[in-house]
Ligand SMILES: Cc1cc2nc3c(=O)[nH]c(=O)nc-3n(C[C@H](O)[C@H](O)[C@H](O)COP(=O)(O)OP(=O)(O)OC[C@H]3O[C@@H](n4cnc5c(N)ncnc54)[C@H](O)[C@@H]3O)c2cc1C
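Coming up is one lone chain in structure tokens, specifically the form predicted on its own.
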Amino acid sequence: MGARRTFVIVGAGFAGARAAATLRTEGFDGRILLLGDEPVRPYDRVTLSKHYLYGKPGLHALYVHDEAFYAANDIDLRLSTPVVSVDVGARQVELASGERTGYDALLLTTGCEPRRWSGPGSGLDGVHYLRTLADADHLRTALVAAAAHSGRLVVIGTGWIGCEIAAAARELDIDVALVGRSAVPLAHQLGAQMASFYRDLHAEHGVELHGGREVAELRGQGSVRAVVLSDGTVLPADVVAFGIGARPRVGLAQSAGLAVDNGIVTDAQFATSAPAVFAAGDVASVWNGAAWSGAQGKRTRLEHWAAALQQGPAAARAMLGDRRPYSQIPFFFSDQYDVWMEFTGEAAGADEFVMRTLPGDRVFIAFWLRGGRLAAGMNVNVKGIPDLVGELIAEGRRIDARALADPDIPLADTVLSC
């Protein structure tokens, strides 16, 4: 009888936790060691910039599994346990404590870390970033205090995180200024048409918008009191939150000699350049086999909930020998004020934009086409759309744009016959 195999997962986040659970449901009876830097069990980061900040329940539970799950499934979950090195030759990981543990297969789900601003005043108190549960707790405490004392928040960054933080603060009735390099929020992510929709949405909810500008300086004595913009504008601030992007945590992989290029490079089965080492989630740059023009034949690294949701289990199955290639059409969602949206596909390179307006307040579907074929769809305040949009994207057939805009024509009937 062979020795009991050991699978090690470095990174106890959403992808790592789902990978560990999948190993058990797929019948793996060896040892599973799940190692996390943070002192709390795996949780879902997606809620942190949304409902968690203003203290209301959302659609997603905070924790991936209940507290008893890991012991019940014989998963050795170790919290506050950083991994400092990987020896791919000896097939061992070294913990910060000095302990070395061998592995038969290793999965890296080390995620991302916030990009940090390093200009004058960056070390002042009251400056926040949002990535971890501890970050969210600190920011929520600051926002609650600001709400109680008529404080003011300045958010730097007009991507998804920045916009969601701004919306959460307005739910607490805090005065908010939103600053970004782009002229309008989410211009890089959504293009001019939908970016203007979100600009108007934030303006209607009282957010002060400062587009096309950067931060030159933070001012204050000990704690931040003002943000100075590149055009000389001075914004009073009691709390400052930066949401200026994230970078994959590849240091461990680089030190181990793995191939890295905007994330840990993997093939379509999540295998890295080292034997028996896999990567998944935010940190992984995965060869995508999705049969559509937006993803096929290139690597994708997605910092979204759906990527971790699918990649963690898929990587676990690959560790067990499943050779099916990864194939995923990107998907993400956002909640801001009374507007929730789901986005399926990839709009980059699209050459046609189509709107389908539906009955109701702010109820519509936006479509992006590339060469007459559907590239992406964004449903706003309407359910039951992403699966069908994903199917149309995957089919890669030509679409009748006029039919796509007509709410009386079922989406499935917008495909051209030739």
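Note that residue numbering follows the sequence shown and begins at 1. If you're wondering where the values come from, they're calculated on a predicted model, not measured in any experiment.
Just so it is clear, the following notes concern the form predicted in complex with this ligand, a form of the same protein that is not shown.
Handout entry: Close approach of residue 356 to this ligand in the predicted complex, 4.5 Å, heavy atom
Key = No, residue 356 sits far enough from this ligand in the predicted complex that none of its heavy atoms falls within 4.5 Å.
Problem - 4.5 angstroms heavy atom contact with this ligand in the predicted complex for residue 346 - result: It does not: once this ligand is placed as it appears in the predicted complex, residue 346 has no heavy atom within 4.5 Å of it.
Problem - in the predicted complex, residue 229 touching this ligand (heavy atom, 4.5 Å) - result: Residue 229: no, not in contact with this ligand in the predicted complex.
Practice task
Tell me, yes or no, whether residue 377 is in contact with this ligand in the predicted complex, where a contact means a heavy atom of each within 4.5 Å.
Solution key: Residue 377 lies outside the contact set for this ligand.
Problem - Contact residue in the predicted complex, chosen from 243, 263, 180, 111 - any heavy atom within 4.5 Å of this ligand - result: Contact check passes for 111.
Handout entry: Selected contact from 167, 318, 130, 237, since only one has a non-hydrogen atom within 4.5 angstroms of this ligand in the predicted complex
Key = Of the candidates 167, 318, 130, 237, 130 is the one lying within 4.5 Å of this ligand in the predicted complex.
Practice task
Report whether all of 61, 327 and 387 sit within 4.5 Å of this ligand in the predicted complex, measuring from non-hydrogen atoms.
Solution key: The answer is no: none of the three residues contacts the partner (heavy atom, 4.5 Å cut-off).
Exercise for the section: Go through 217-225, 111-119, 150-158, 167-175 and give me the stretch that gets within 4.5 Å of this ligand in the predicted complex, heavy atoms only. Expected result: In the other structure, the partner sits against 111-119.
Problem - in the predicted complex: members of 80-97 within 4.5 Å of this ligand, any heavy atom - result: Sequence-ordered list: 81, 82, 83.
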